[in-house]
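In the C-alpha cells that follow, the same protein chain appears in two forms, which are kept apart as structure 1 and structure 2.
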Structure 1
Amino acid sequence: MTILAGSGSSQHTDAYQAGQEAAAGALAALASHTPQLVIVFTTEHYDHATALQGIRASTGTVPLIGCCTGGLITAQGILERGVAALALCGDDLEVALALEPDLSTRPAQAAQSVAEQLEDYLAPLSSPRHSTALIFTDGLTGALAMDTAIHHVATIFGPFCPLIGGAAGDNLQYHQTSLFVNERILGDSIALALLTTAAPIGIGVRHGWQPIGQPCVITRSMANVIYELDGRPALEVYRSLFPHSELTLENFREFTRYHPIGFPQATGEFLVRLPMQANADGSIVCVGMLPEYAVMYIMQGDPVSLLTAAEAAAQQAMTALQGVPVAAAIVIDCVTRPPLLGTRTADEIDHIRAIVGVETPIIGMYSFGEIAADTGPVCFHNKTVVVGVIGKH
C-alpha cells in the first residue's frame, strides 16, 4: 500500500475562499483518492469557522485536525497569513481524532481523557502496523500545563506511539488561538489525531542552541517562574550576563528570543526554555515547566547553528525511514526562530525541503512550543524545530 499526500495553501483574504483553495490544492495531488485525514493550519487573520467551512466544502466530512499558528510553512514558502492543508490517504491508514477542553485548568485530566478516547485505536505491538499521534495544544493558555499534558498522553500511548506536534499560537500578539477537530473549534484545549499505518514515520528534533558563559543555579522557582538564580533575583543575574545590553522589562521578551536558557540533559542535548516575561519583582516567566534546583546556561545561537540544526532534524527523520520514499513532511518550527534567522528564515525551510525532497508535500506551522521525542522520552520544547516524515509504504 502507498500513502498518498497532497498539500495546498492560500492567502486569499476571504476565509472561506482561502480554506477552499488550500483544500483544493491538497486534494489535487490525491487525484481520485478520498483523503482520510486533512491537517489544517491557519493564521489569526481569518474567521476559523468560515475557513473550515471552506475546507470542508472540498473535503466533506473527512477527519480534520489543525490549529491557528504563528505562521505557515508551505511548498509555496513561508506565509505570515493564510490557510494551509495537507491531505493524506492510504489503504491501511486509519485515523482517529479527539479534542478535549480545559487544558490550562486541568491538564492531567484533559490529556488523559483525550488520549483514552483514542487508546483503543492504538496498533497492537504484535501488528506490523504502528501508530503515531499528532498533538496540538493551546500555546497561549496552556504553556504551563504542557509538560503535564504531554507526559500523560505519552504514558497512555506508550513508547511505541511517537508524538509529534506543537502549541498553537498567533502572530506573536499573544491574544488567543484555536484548535480544530472536524467542525469543532476550541481554545485552551488539546487535540489529537492517531494515525495507524504500516508505513514508517520518522521524527527529528533539534534546536541549534549552545551554552555560553558560566552556569547559574536556579535557587528558587515554581512551575515556570524563576525567582532566584544563584541566590539573587533572577532578572538581576540574567541582566548581569549581558552588561552591554539595555535590558528592560519592556524589551525583555524581544531580547530573550536571542538568548534562551538551557538545561543539560544526559542525552547530550540541552532542554531549551524561552524566558517570556520579566516581572518587577525580578522574577522571570518561562514557556514550559522548569526543573527546580537545576543548573542552567544562557544559550546562544546564530543563523548557521539554527540552519544546521534544521538540517540535522530533517536528516534524523529521514534516517528513521531507512530508505523508504517520503510521502509527506510536517514541520513544527518555533515562532521565535525567524527573528534570529532574519533574512535566512526561508533558508531553514529550504534546507529541510532539500533533505525531505522538494517535491514532497509539506505542511508546517510556526509554533509556540514543539512536542516530540528526540532520543529519549517525548518532551515539550522551546525554540526547536521538529521534522516529521511519513514513508510512502
Structure 2
Amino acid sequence: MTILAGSGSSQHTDAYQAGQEAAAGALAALASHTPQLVIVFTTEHYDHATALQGIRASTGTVPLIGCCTGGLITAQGILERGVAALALCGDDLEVALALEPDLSTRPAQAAQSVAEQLEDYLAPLSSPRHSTALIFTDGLTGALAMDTAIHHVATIFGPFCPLIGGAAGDNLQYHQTSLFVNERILGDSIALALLTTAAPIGIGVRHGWQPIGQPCVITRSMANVIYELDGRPALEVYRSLFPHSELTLENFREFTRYHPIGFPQATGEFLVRLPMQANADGSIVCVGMLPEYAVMYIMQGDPVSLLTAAEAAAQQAMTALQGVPVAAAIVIDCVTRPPLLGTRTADEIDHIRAIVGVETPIIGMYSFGEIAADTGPVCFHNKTVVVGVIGKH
C-alpha cells in the first residue's frame, strides 16, 4: 500500500481556467492513477461554481472537499489570489464526505448530523487502519457556533479520530465564505472528509505566543465575552499592563493583534484567543469560547517566535510519522499571522517546507480559525499554525 499525492495551483484570471490548471497540476504527479480525494482551496476573486467546473474538467467525479480562504499556501509560494488543489490516492485509502448547512443557527445539530453520516466509516479500534477527519467550517458564522460544532464532532468521532482543518475565510473582507463538497457549494455550513488508511498521519500545532506579566483569573465571563479579570473590568487590566499604549475602544483591536490572551494547557502550550473588541463597560469580546474562573495570561510574540513555532509544528507532525516517508502536507495558518510576520511571511512556509520536504506536495490555507489538537481534546485555535502530514505507507 502506497499513498501518492500531487499538488497544483493557478493564478489564471479566468475562474474555469484557474480551476482546470490547478487540478491538472495535482493530477500530473499521479500519472495514470485515479485519486480518492481532491482537496481544493480558492480565493474570493473567483466565481466558485465556475472554478469547480474547471476542476471537474480535469478530475471528473473524484470526491472533492474544500473552501474559499484568506490566501493560498502552495509549492509555488503564497498566493493572495488563485486556486490550489491536492490530489491523494492509495491502495487502501478510503474517503467519505458530508456537508451540512445552518451552522450558525443550529451548530450542535449540524455537527451531529454531519458526523453521524460518516460514523459508520470509522476504522474499528482493533484495526491496523485508522481514521482522520478533515473539517472545514464557515468562518463568518461566529466562533461560538464553530466551537460548539467542533466539540460535537469530536465527541461523536471519539479520541482515536484526529481532526484537522480550518474556518473558511475571504482575505479579511468579512463578506461571504463558501464550502465545497463535490458539486455542492454552501455558506453557513460544516464539511467533513473522513480519511481511513493504514498510512500514518501526523499533526503539529504551535503558535509562538509567549505569556507576559502575571496571570489573571477570569472572574466574570459569558460565552466569548470577558467582563472582569481579577475582579476588575477586563479593559482596565489591559490598560494597567500597557500604560503607554493609550488603549481606546477604537485602537484596541489593532493592539490585541500583537497581544492576544492565552490559557495554559496540560501540554505546556497555551490555547490562544484573539480579543476582537472592547466595549464601553470595560468588557472584551474574544474569538472562541472562554472558561469562567480560568487562569489566563496576556501574550506577546514577534516574527522570530512565530517562525520558530512554525518549525516546531512541522517537526511535531513529522515525528508522528515515526520515520515513514511523507506523501503530502496540509497547512492551516491563521490569516492574522502574515501581517505580523510582514516581509518574513514567506519564510514561515519555507521553514515548514524545509522540514516536510521541499519536493513534498503541499496545500494550505489562511484561515479564520484553526482546528486541531497536538494531544488531548481537539480545539478551535486563534493565531496558530497547524501542519498535517500523510505518510506514504
Partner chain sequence: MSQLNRESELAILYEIASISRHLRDRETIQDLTLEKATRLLGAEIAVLYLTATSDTQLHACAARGIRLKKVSSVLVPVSPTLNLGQQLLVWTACHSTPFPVPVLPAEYPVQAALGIPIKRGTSLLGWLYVAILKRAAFDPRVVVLYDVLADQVSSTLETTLAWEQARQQQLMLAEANQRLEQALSAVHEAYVRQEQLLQTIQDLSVPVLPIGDQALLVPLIGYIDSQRAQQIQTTMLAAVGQQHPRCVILDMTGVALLDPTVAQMLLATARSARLLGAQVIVCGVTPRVAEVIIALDSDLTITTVSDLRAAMRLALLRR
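Numbers follow structure 1, counted from its first residue as 1. Just so it is clear, the model here is predicted, and its values are computed rather than measured. Just so we're on the same page, rigid core means the largest C-alpha set that superposes within 1.5 Å between forms.
- Between the two chain copies, the one drawn from the form predicted alone is structure 2.
- A rotation of 11 degrees carries the smaller rigid part relative to the larger between structure 1 and structure 2, according to C-alpha superpositions.
- Core-superposed comparison between structure 1 and structure 2: Glu250 shows a Cα shift of 4.0 Å.
- Here the two forms are laid over each other by their core, and the C-alpha of Tyr238 is off by 2.9 Å between structure 1 and structure 2.
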